[in-house]
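What follows is a single chain, given as structure tokens, in the form predicted alone.
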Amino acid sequence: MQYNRNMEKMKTVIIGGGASGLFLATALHTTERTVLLERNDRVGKKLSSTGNGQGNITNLSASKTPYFSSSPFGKKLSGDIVKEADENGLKEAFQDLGVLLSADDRERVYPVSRQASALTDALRFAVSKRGVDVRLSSRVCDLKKVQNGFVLTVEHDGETYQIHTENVVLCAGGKAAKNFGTDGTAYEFAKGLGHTITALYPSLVQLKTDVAYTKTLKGIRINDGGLTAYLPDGTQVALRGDIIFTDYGVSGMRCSVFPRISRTKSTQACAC
């Protein structure tokens, strides 16, 4: 792709208007000709649903909690990340934006309003004050490296246009929530620019169960509950936290995997 001098010219293009894209936009100067492209009809769509819509942003014990990894490298990496960016950093960032926060008896930190949309609004207002050009319903179809920068092809209202930019930042999320627009597009863009993508595996997923006896409990939440599941291979999985009954099973728990034990072949689960 050749650089066309008639293309729209930008200093920085941010792809994705989620939490990371919005935070980045608040840190850039208005004179830098910055544009933020969001494929949804509003920014922070996923952020507004975090913490079951209540906006649980961190935990006061986040830096003291032991983190599990299947490799020594992963364990060290998680420790280094938490040490570099502990629970206070995010708290202070939102407080600087004017969000009042409070912690519950389990040290989970929420906006005082218990509305995750308060987090999104604070970031949205800050980005607007910075003068960043936010373009909604704008999907990036193509991203190419060219001389002196990058060229993006953007689709909006059925039409396409191109932007030449000196810098581009991928803040489009992973592949865990297609309903929010995080469908893995960013991985393809990164690969196209020469980056290597490691294999993807599910990590935090819902637990699907027989709902014959729990269907009428849909929407009910149990605080600090426990559940133990016995898998076909004999592995015992213990989960503890808030249990949310859904139309497919249960959700909302933290999982720990224990060594194999002897059980029957069928999967069993018991809540306690």
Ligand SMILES: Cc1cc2nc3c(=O)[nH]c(=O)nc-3n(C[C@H](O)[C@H](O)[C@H](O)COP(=O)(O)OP(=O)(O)OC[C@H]3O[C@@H](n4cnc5c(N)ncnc54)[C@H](O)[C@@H]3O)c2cc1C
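Numbering starts at 1 and runs along the sequence shown. Computed from a predicted structure; not experimentally measured. C-alpha atoms forming the largest set that superposes within 1.5 Å between two forms make up the rigid core.
Form predicted in complex with this ligand: not shown, discussed below.
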In the predicted bound form, does Ala172 have a heavy atom within 4.5 Å of this ligand?
yes
Classify Arg139 as contacting or not contacting this ligand in the predicted bound form by the rule of any non-hydrogen atom within 4.5 angstroms, answering yes or no.
yes
With a cut-off of 4.5 Å between heavy atoms, is Ala19 one of the residues that contacts this ligand in the predicted bound form?
yes
Whether Phe189 contacts this ligand in the predicted bound form should be assessed with a 4.5 Å heavy atom distance threshold; does it?
yes
In the predicted bound form, which of 225-233, 49-57, 64-72, 206-214 comes within 4.5 Å of this ligand (heavy atoms)?
49-57
Would this ligand in the predicted bound form be within 4.5 angstroms of a non-hydrogen atom of every residue among Asn40, Thr182 and Thr185?
yes
Option touching this ligand, based on a heavy atom within 4.5 Å in the predicted bound form, out of Ala177, Ala93, Ile81, Leu193:
Ala177
Of the residues spanning 109-132, the ones with some heavy atom within 4.5 Å of this ligand in the predicted bound form are none
Rigid core aligned, does the Cα position of Arg42 differ by 2 Å or more between the shown form and the other one?
no
